[in-house]
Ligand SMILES: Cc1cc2nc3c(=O)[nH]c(=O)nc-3n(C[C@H](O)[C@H](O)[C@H](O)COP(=O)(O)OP(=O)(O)OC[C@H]3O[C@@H](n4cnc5c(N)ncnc54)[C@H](O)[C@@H]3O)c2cc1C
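Shown next as structure tokens: one chain only, the form predicted on its own.
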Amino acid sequence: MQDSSHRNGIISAGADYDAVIVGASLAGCTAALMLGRAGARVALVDKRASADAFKRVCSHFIQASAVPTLERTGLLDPILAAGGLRSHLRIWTRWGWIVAPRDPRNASVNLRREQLDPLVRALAAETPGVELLLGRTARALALDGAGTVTGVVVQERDGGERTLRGTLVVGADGRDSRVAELAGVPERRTRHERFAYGGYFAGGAPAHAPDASIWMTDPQWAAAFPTDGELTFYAAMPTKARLAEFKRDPARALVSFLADQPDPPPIREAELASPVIGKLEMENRLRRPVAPGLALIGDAALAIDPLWGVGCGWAFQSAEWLADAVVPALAGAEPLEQALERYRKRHARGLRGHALLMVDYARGRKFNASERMIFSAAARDDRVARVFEDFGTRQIGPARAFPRLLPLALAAHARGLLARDGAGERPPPADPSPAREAEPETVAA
């Protein structure tokens, strides 16, 4: 690997890079930070000209599965210092609230993207070996004679073009990834039969803040995410049958929708503190995360149903997996294609099972029989709720979760916990240390 030392954070214009990363949001900045710390010379490119730019249509929820990544990269403490909140999940279904016994490992993180994105970008830019190039747009990919990606042609601020050559090119440029399009990466698209509206409200915080509350009213969905600045992000993701009422008056419809939920949050007592923003089309896009000389991370690799709040967390995690996989190759210890294959397998093992379930639920359907059994048991039984939370916070995948959840749910029903009159007490929690295998679940790639 080339010497990563440089003055004032500037690498000469004619230098080559170990990695050229397109997209300086959560995934791209995390990958740049980790590669730079490993000694790589990284060009971090973004079409937005401002270092304070941020993603506006996002719930900002970082699942607990990504917290170890935040800790490892040193991002967690700055996030909390900026006002980020640690929160657990409370989920309402028609059988009652699902509230698992407190486990600090299942605490997620909430910080508005307006704060989060500039913070992560600044930390990446301060990393030795990382050159942040803002206001540059990817126009084409450089290829060698075998079709391997060897660089990115970017349009400079003055309108001219420059080729940034690197051993590895990384697409971290979101669900509409220009890099993936230019590379012709195989992609699967599936329809999403819900839409989303959300906004930040001041005052009128939910009673259980800072915990996040979700209402799954089968098939409708609503949520309240307390966050920094004593704000709450209220969100609705109904089926498209309700789109007309939201389009007529988004703010009024959002407030009414949340206020009409069972055991509702005090949204009518709150004051709207931001515009209500909507997203009407949320097509699921699943791409192969590697090609010769190229890797995709974050939404560029997997843009999935946002109902589950996994986008931010998976951006951090996929960046970490990529960095871990390619550092030896960038140091010359192994072929890059071997490293990229390792990343592809890790990505599939960690996310593919979750993604397939999410794609299915994005059809706007009602709960199936297995889901009804699990949700109803989790509302009454701490054992079921504990495993359900491990799965819901993406600490474990479906290959581990369902072999535990289904027998536990059946046992809960057999004990008569779900009798029509609601009789029966919740059993004491099982072993306070939930079983989590050391090896990751196996999901077909």
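All values reported here derive from a predicted model rather than from experimental measurement. Just count from 1 along the sequence shown to find any residue number.
The same protein has a further form, the form predicted together with this ligand, not shown here; the description that follows concerns it.
Q: Only one of 133-141, 85-93, 283-291, 352-360 has heavy atoms within 4.5 Å of this ligand in the predicted complex; I'd like to know which.
A: Of the options given, it is 133-141.
Q: Which residue among Arg394, Arg404, Arg37, Lys47 has a heavy atom within 4.5 angstroms of this ligand in the predicted complex?
A: Exactly one residue meets the criterion: Lys47.
Q: Does Leu408 make contact with this ligand in the predicted complex, using a 4.5 Å heavy atom cut-off?
A: Outside the cut-off, so no.
Q: Is Arg112 close enough to this ligand in the predicted complex to count, meaning some heavy atom within 4.5 Å?
A: Contact with this ligand, no.
Q: At 4.5 Å between heavy atoms, is Gly199 in contact with this ligand in the predicted complex?
A: The answer is no: Gly199 has no heavy atom within 4.5 Å of this ligand.
Q: Taking 4.5 angstroms as the cut-off for heavy atoms, does Gly174 touch this ligand in the predicted complex?
A: Yes.
Q: Listed by sequence position, which residues of 307-346 have a non-hydrogen atom within 4.5 angstroms of this ligand in the predicted complex?
A: Heavy-atom contacts within 4.5 Å come from Gly309, Val310, Gly311, Cys312, Gly313, Ala315.
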